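Quick setup: one chain, the form predicted alone, written in structure tokens, and binding and motion questions come after.
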């Protein structure tokens, strides 16, 4: 049997984040000064792949960018992180997605508005499935749900782990829930699923028969449901500068733990440590932690 080319392939969104730090969110019809500004590479699966590359895994991304300077910037950022960008396709005549992120200085919390300029173009027929399946793990974000739903059943037959970011309902959402080995959602998924609380939402996610379902709760930690029942893990405390990529880093840390063969509680602690540590800097990748940093914090759990 041929060895996989990659440890992890992240499939989904790449975008440019325009990040402005402000004292507080501006009131309607007013102006407020920026305390800091940065333009940085973003996107759920691509940031997770960058995080895993820093941990020493061999990673690639698959997705779309426009044929503009922003697209070239995103591909170059992946290469600088050691992430293979050959499957990040360039869409002729299209604009690369962008996000405007307002970070409140005191809390480090962020409010995001975004332009999804490539919606609906991440189609399965555009990708070489054999190459996408040359990996040990697939990270599927919401922008790649339909592609992931087509790919995941084949991945399962090959023993490839599939982790799905169930951020919000999109086309083929339920197909992807049924096909994923692990499902991770933020607290927003409670409303997405039409449930009243986290425990009910986890039961609903687990009814699709993943190995485990996880809901992240920000500074309240995370809760999972697996064959052993409910498991709650606390958040790690750091001085938060910007929480933009906390979820992306959590997914990366969880994937690392799964591939390492750890029990669920240890994988969750490692993921939580990564999610906390990335909040130390402005932008989704400036403070991505090393393996040693993450291990040190996770072992306090």
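Numbering follows the first chain given and starts at 1. Please read all numbers here as calculations on a predicted model, not as lab measurements.
Omitted from view is the form predicted in complex with a small molecule, to which the following refers.
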| query | finding |
| --- | --- |
| Non-hydrogen atom within 4.5 angstroms of the small molecule in the model of the complex for each of 110, 235 and 250 | yes |
| Contact of residue 222 with the small molecule in the model of the complex (heavy atom, 4.5 Å) | yes |
| 4.5 Å heavy atom contact, residue 53 and the small molecule in the model of the complex | no |
| Partner contact for residue 265 in the model of the complex: the small molecule, 4.5 angstroms, heavy atom | no |
| The small molecule contact at residue 240 in the model of the complex, heavy atom, 4.5 Å | yes |
| The unique member of 115, 131, 90, 217 whose heavy atoms fall within 4.5 Å of the small molecule in the model of the complex | 217 |
| Selected contact from 246, 64, 60, 40, since only one has a non-hydrogen atom within 4.5 angstroms of the small molecule in the model of the complex | 246 |
| Partner-proximal stretch of 98 to 106, 209 to 217, 189 to 197, 132 to 140 relative to the small molecule in the model of the complex, 4.5 angstroms, heavy atom | 209 to 217 |
